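Single chain ahead, written as structure tokens, the form predicted on its own.
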Amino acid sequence: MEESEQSEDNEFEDFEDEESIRDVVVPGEVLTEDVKNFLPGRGTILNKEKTKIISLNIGLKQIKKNYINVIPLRGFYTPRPGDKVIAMIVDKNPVKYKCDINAKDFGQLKPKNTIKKGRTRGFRGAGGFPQEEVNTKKFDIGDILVVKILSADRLNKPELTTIGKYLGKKVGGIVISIDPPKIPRVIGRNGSMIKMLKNLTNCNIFVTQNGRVWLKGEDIAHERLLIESVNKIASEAHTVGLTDRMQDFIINEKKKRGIE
């Protein structure tokens, strides 16, 4: 399937569960003195004596395996290979698409990274792809794509692909943005939050790591309620018991608005 209309049962393991991100920390704050069992991750550093792990940012403390990270509360998305993100095509030429991925640099999508190898028979051009298909006619400016980051470093613009599970063009729907660090709370523990949102609003929802959320409902009323709910989650991401509160909020709002 070329167009990414798959079930929005996203791969939740790509995200941290909501309980792993809890404490708001500030620059210079000591995150742990247990340097035997923990290592400094993103947004952290060891002190000169190598006896403490210290925060470099204002953000949310995150423990992932034996690494301690600090996820900034605000800012652009930082691309990492393997991330799945929502991109918008903002320009194209015969050799590549230019994509807005909510990062400091635009991503680039080459035609060869939109075609599955060996899919068609017949004459093949350079690189093993059907010669007539290696062009930028497949997508148009303004198209919304779910892509995967192939590579990203300081010297080169992020390279993208639409080849893979859940990847490709999104048809219809609405895209909203929240701060990327808040995305795990929209997912919830083992997908609990996103499943509740889908069930109570009768909407499809697809959440990606660059802070963008694609949603599509049966009508505007349900879509509007889902948008308000996602924004509420983002604004209260640092609080405890959010899933239960959001469930009560949506149920009460549906009654007020007279929607099923």
Partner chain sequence: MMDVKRIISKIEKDYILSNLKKEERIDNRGLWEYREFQINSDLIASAEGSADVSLGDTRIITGLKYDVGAPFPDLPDEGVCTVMAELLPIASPLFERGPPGEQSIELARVVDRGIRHADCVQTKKLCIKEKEAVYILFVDMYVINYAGNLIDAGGVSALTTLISAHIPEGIWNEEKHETEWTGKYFYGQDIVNELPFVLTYGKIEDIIFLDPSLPEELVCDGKISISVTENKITSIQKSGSATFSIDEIKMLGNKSLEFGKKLRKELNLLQYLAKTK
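All of these numbers come straight from a predicted model, not from anything done at the bench. Numbering follows the first chain given and starts at 1.
Missing here is the form predicted in complex with the partner chain; even so, the following discussion is about that form.
Three-residue candidate spot P81, L150 and L167; no residue lies within 4.5 angstroms of the partner chain in the predicted complex by any non-hydrogen atom. Segments offered: 108 to 116, 158 to 166, 186 to 194, 173 to 181. Contacting the partner chain in the predicted complex at heavy atom distances within 4.5 Å is 173 to 181. Taking the partner from elsewhere, I220 is found to have a heavy atom lying within 4.5 Å of the partner chain in the predicted complex. Contact check for F206: every heavy atom lies farther than 4.5 Å from the partner chain in the predicted complex.
Looking at I141, you'd find a heavy atom of it within 4.5 angstroms of the partner chain in the predicted complex.
In the predicted complex, at least one heavy atom of I227 sits within 4.5 Å of the partner chain.
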